[in-house]
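Just one chain follows, in the form predicted alone, and it is written as structure tokens.
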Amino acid sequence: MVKISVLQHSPSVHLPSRPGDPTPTSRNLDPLMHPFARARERTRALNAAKMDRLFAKPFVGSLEGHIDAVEVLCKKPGTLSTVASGSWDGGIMLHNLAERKQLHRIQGAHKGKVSGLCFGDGDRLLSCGVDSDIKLWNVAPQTETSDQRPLNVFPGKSPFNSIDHHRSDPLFATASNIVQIWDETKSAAVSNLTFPTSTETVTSVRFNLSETSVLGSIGSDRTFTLYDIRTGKAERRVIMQMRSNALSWSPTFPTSVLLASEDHNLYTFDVRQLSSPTQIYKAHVAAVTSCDWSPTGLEFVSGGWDRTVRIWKEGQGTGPEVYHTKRMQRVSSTIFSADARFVLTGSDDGNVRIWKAKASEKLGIVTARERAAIEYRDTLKERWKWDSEVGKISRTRHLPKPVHQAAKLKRTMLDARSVKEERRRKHTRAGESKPKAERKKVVIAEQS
């Protein structure tokens, strides 16, 4: 009796189980049977990197209406689309991002520029200006006949530079020549916070998002100060090499604070250890004027005097995403939208611009199949980012000529400085001159 082996294929294995389902495919996963798999994957990664740059069109639109430089932006807590902007012309505008339209406009809210904005409870907006007044506005959806008078006016003794509202209580803090705490129900400041030896002008003030009684401020005498409103005094202060222009608390890591400095860099500090920054972020070629964390805490945006907007990954000190346009002038304010998908910038040309946080992201409906393809391409780029061609395409950013030339000049100056230090060490007695880490140079003195 001869034994016969029969090859038998069940048709159900090769046919869709239900009408409309894709036809099943069989794959041999043995790597020896696929000698060109890596070459094919590299080609796909290269194409994915090229497509990413090809579809990188970050500019979404602009919100017009101001007739002078936009000084300050703030988003309304608990909403995705409501943003307020204040200008040097003294006007305040409320915008709807989704519909790109103006919700509310207060002309001549202040004499001179609006230097600070923050939202209170409900539809209440607080603004301060160089006219030494703080005003409380009702910005509920307005009718044609609604008047533009403030609900309350808090008079101050000197021009205000910044304002921030407490997370839960009806309190807000202002920055002028001192830090003051105000109650919405009282006409005068509840308490004055100042460091004993301080003679600074406080330029910005922010409440911590987690420990809401802790307050951070930066001043014109190159200081960063921590206050506690429960004790009513300054707890700690550091003096840095150059002054800071903006500060922002991390939304996910309560002890981390971001400072935008005049020396073209950004610094993150852990407030438990203020002797040196945890990270230095270098790319701007002029003073950094504003910064804001993403709600995810994984990235942040900065705007500078060099007319560029940069989006940084947390912990990566170089190679940020760079946005710029021909008409955009010096960027004075930057914020992330509440869903972390968009970035808003206010600049000297009077426009509030909306940008995508991820330049090549597709807006609108994305099908499951498209989503899977996008995720596959992202994984490929991440896996092959060390390849010379893939990495070069992913990293390269074309900058305006003035910015590129300034970066080149800055690099030359820094190289010359390092050569000079090296030569000085070489011609000094052994052990006399030790190299100092870049992070150790930032903070000059720590006071408590």
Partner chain sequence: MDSLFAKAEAIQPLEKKRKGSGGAPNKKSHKPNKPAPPSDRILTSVAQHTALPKSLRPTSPTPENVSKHTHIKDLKLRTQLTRQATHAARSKALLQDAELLLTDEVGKIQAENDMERTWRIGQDEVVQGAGQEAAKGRQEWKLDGGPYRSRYTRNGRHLAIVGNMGHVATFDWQTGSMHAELQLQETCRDITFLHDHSHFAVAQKKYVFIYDRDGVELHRLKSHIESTRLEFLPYHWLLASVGNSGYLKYQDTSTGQLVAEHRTKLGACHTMTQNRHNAVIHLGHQSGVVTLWTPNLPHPAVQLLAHLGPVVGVSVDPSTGGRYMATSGQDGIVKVWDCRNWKGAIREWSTRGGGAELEWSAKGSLAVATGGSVNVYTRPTIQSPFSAKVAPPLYLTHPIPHRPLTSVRFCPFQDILTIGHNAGLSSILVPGSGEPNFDSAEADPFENKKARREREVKGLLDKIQPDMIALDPDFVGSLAPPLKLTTAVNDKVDIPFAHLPRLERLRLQGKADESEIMDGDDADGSGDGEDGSNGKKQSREEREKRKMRGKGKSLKRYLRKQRKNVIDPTAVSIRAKLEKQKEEKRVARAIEKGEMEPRKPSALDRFRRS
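For clarity, every value in this text was computed on a predicted model and none was experimentally measured. Positions refer to the first chain, counted from 1. So that the term is clear: the rigid core is the largest set of C-alpha atoms that superpose within 1.5 Å between two forms.
Another form, the form predicted together with the partner chain, is not on view; read the next lines as being about it.
The putative spot formed by Asn28, Ser191 and Thr231 is fully lined by the partner chain in the predicted complex; each residue has a non-hydrogen atom within 4.5 angstroms of it. Of the residues given (Val214, Ala287, Val322, Ile354), Val214 alone sits with a heavy atom within 4.5 Å of the partner chain in the predicted complex.
The partner is not drawn, yet in the predicted complex one stretch among 325-333, 103-111, 374-382, 297-305 has residues with heavy atoms inside 4.5 Å of the partner chain: 374-382. Interface membership of Lys436, defined by any non-hydrogen atom within 4.5 Å of the partner chain in the predicted complex, is ruled out. Using a 4.5 angstroms limit between non-hydrogen atoms, Val139 is distant from the partner chain in the predicted complex. The shortest heavy atom separation between Lys426 and the partner chain in the predicted complex exceeds 4.5 Å. Shown alone here, Arg42 lies within 4.5 Å of the partner chain in the predicted complex, counting heavy atoms only.
Contacts to the partner chain in the predicted complex (heavy atom within 4.5 Å) from stretch 236-254: Arg236 only. Once the rigid core is used as the reference frame, the Cα position of Pro435 differs between the shown form and the other one by less than 2 Å. If you fit the rigid core between the shown form and the other one, you'll see the Cα of His14 move by 2 angstroms or more.
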